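Here you get one chain, nothing else, as structure tokens; it is the form predicted alone.
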């Protein structure tokens, strides 16, 4: 896209969108939101960069390869947090029963493992949105028709 107004607006708005996405992820256990919605907000901001400028500018923020690695890391972190609860004597993804420290209600670190799980979930969702975007873009030719893949 060559529209300077769209580029300028995106350049001004994207940092605030990303900050809001991080806020929603980090405060998801205290208020409406969480890993999924915050990750979707953050991932959409990365897609906005790629759409407003070009794919290369979007790939500078998060390359498709690093998004794929982050996606796998988010899922692995989620799974390992659940297994940590099992090792600590609780059930899978147990929180207080497994012995995760619970802080004072209303504080940022007042939810034990839920805070950690939400961070991993936010990273997974944001990177999944970026990965899906680049996979869809790569599946189209320059004229907009679907590309045929073999195998």
Partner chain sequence: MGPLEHLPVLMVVIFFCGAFLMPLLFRWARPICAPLMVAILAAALVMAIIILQSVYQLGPQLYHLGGWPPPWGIELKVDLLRVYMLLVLFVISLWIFIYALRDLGNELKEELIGWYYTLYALLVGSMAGIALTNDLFNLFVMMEICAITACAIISIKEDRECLEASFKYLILSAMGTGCFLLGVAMLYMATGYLNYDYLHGSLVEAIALYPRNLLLAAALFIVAFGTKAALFPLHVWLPDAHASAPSPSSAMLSGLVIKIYAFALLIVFYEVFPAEMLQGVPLNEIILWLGSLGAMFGSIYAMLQTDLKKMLAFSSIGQIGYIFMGIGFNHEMALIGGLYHVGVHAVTKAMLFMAAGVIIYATGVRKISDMDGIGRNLPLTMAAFAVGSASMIGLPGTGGLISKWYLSLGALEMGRPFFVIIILISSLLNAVYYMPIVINAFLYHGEFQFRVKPVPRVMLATLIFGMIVIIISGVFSRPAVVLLEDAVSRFF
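Being a predicted model, the structure only gives us computed values, none of them experimental. Positions refer to the first chain, counted from 1.
Unshown form predicted together with its partner chain; subsequent notes refer to it.
In the predicted bound form, residue 94 approaches its partner chain with a heavy atom inside 4.5 Å. In the predicted bound form, its partner chain sits beyond 4.5 Å of every heavy atom of residue 99.
Residue 116 falls outside the set of residues with a heavy atom inside 4.5 Å of its partner chain in the predicted bound form. Remark: residue 83 counts among the residues lining its partner chain in the predicted bound form, judged by a heavy atom distance of 4.5 Å or less.
With the partner omitted here, the residue from 68, 54, 110, 61 that has a non-hydrogen atom within 4.5 angstroms of its partner chain in the predicted bound form is 68. Not one of 5, 9 and 12 is positioned with any heavy atom within 4.5 Å of its partner chain in the predicted bound form.
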